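Only one chain is shown below, in structure tokens, and it's the form predicted alone.
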């Protein structure tokens, strides 16, 4: 069943239309890398749509931080694995801000650690619905709003891939790694598809990053265990990934598209 979409009340249409600050949608923006991206975007003057699936209080805290930084934010509940939720998310952004300049396709799950010969089909389908289909559906809605072909002013998309796409995730997350391999291919192809329409599409491939995604997957000691094996000798932070994402969406990266940036400490 599709999740119910809720958005906080927007400002008046007159005030929205006179507001020139750019607008960003961050899927999965309530925690981890998504939250770090949303907070940094707010500090840089972006107006932010913070999407979440279940963590409303966490999403509200992120939105509060953006407002304290002097920018605007709304919180929108929705499951990117549901097409109707994705459509409603973008309509909520339209209503609140009347424009869209960037999408950060961050929402994703790793699933339960499993060998392929022990992997239930239902778990694989759910992972692909969120990590791959959801990413495509969000990109579709963003392109319909940003592409000059559709009357838009252009913009940027950054997809969150993973170093697992290169490493393969043997013994734990081959299924997750494969979903991120799909995102790498999507980034290259889509970037070339819409390059002449004012949209740049890039991806980041985070390596071992110290967020709660590991504990959620049932491996709370993973960062401590693997951190020393990274060439830089430590796990990365969500803020380090967010900095790269905001750069890719900035004017400084104006000639960068269909590119995949590794943020992995050399791993």
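Positions refer to the first chain, counted from 1. If you're wondering where the values come from, they're calculated on a predicted model, not measured in any experiment.
The protein also exists as the form predicted together with a small molecule; that form is not presented, and the subsequent description refers to it.
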So, in the predicted bound form, is residue 46 in contact with the small molecule at a 4.5 angstroms heavy atom limit?
-> no
Does at least one non-hydrogen atom of residue 42 fall within 4.5 angstroms of the small molecule in the predicted bound form?
-> no
At the 4.5 Å heavy atom threshold, is residue 211 in contact with the small molecule in the predicted bound form?
-> yes
Quick one: is residue 53 in contact with the small molecule in the predicted bound form, heavy atoms, 4.5 Å cut-off?
-> yes
Going by heavy atoms within 4.5 Å, which of 71-79, 185-193, 141-149, 114-122 lines up against the small molecule in the predicted bound form?
-> 71-79
Using a 4.5 Å cut on heavy atoms, which of 92, 137, 130, 178 is close to the small molecule in the predicted bound form?
-> 130
